[in-house]
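Consider the single chain below, provided in structure tokens and representing the form predicted alone.
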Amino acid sequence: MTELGEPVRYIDRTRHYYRALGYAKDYVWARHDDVPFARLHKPLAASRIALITTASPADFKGTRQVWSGQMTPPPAKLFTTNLAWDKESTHTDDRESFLPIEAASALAAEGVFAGLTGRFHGVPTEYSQRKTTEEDAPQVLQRLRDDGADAAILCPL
């Protein structure tokens, strides 16, 4: 909150942060003139859902890349310490908060959707819109198609 009790706008905060770090140009926010999303082709209750997280696998070796893991058994932990989040105020020990396999499975059991795909997918946070658009997104789309997913839920960290 500001001194006036107003919230600090995230974009303004980021702009000031980058300037304080000495960058000559402000951060350029990702933008899509044509939104790359589509309506479901069948009812949600008949759709298979995939989960996508921005975390890395637990055995992360330092290279950020698209990866996949099995839904069953769900991973106990994923690698998150390389990402920027307020480590003094919160933690990422609750994997379900950013990869909700158990909650999604319960919704599928209730009939909200037909079920989950056999794999979830990871797209570790990357600060390049070009790499995300040209490399990561096509890889994830192919994996979703290979898994028979009708839709995906993005679960950012």
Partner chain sequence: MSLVARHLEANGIPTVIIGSALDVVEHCGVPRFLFTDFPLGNPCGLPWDRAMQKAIVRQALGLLESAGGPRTTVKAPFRWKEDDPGWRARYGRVDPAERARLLALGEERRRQRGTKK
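Residue numbers count along the first chain shown, from 1. Nothing here was measured: the structure is a model prediction, and the numbers come from that model. Note that the rigid core is defined as the largest set of C-alphas that superpose within 1.5 Å between two forms.
Although not depicted, the form predicted in complex with the partner chain is the subject of the following passage.
K.L.:
At the 4.5 Å heavy atom threshold, is residue 63 in contact with the partner chain in the model of the complex?
P.N.:
Heavy-atom contact with the partner chain at 4.5 Å: absent for residue 63.
K.L.:
Even though the partner isn't displayed, in the model of the complex is residue 34 close enough to the partner chain, meaning a heavy atom within 4.5 Å?
P.N.:
Yes, residue 34 lies within 4.5 Å of the partner chain in the model of the complex.
K.L.:
Taking the partner chain as it sits in the model of the complex, is residue 68 near enough to touch it, meaning that at least one heavy atom pair lies within 4.5 angstroms?
P.N.:
It does not: once the partner chain is placed as it appears in the model of the complex, residue 68 has no heavy atom within 4.5 Å of it.
K.L.:
Contact between residue 58 and the partner chain in the model of the complex at 4.5 Å, heavy atoms?
P.N.:
Looking in the model of the complex, residue contacts with the partner chain do not include residue 58, since no heavy atom lies within 4.5 Å.
K.L.:
Where, within 115-146, is there a heavy atom within 4.5 Å of the partner chain in the model of the complex? Residue list please.
P.N.:
123, 129, 132, 133, 137, 138, 140, 141, 144, 145, in sequence order.
K.L.:
Aligning on the core only, does the CA of residue 25 end up 2 angstroms or more away between the shown form and the other one?
P.N.:
It does shift by 2 Å or more.
K.L.:
Comparing between the shown form and the other one on the rigid core, is the C-alpha shift at residue 137 2 Å or larger?
P.N.:
Comparing forms between the shown form and the other one, the residue 137 CA shifts below 2 Å.
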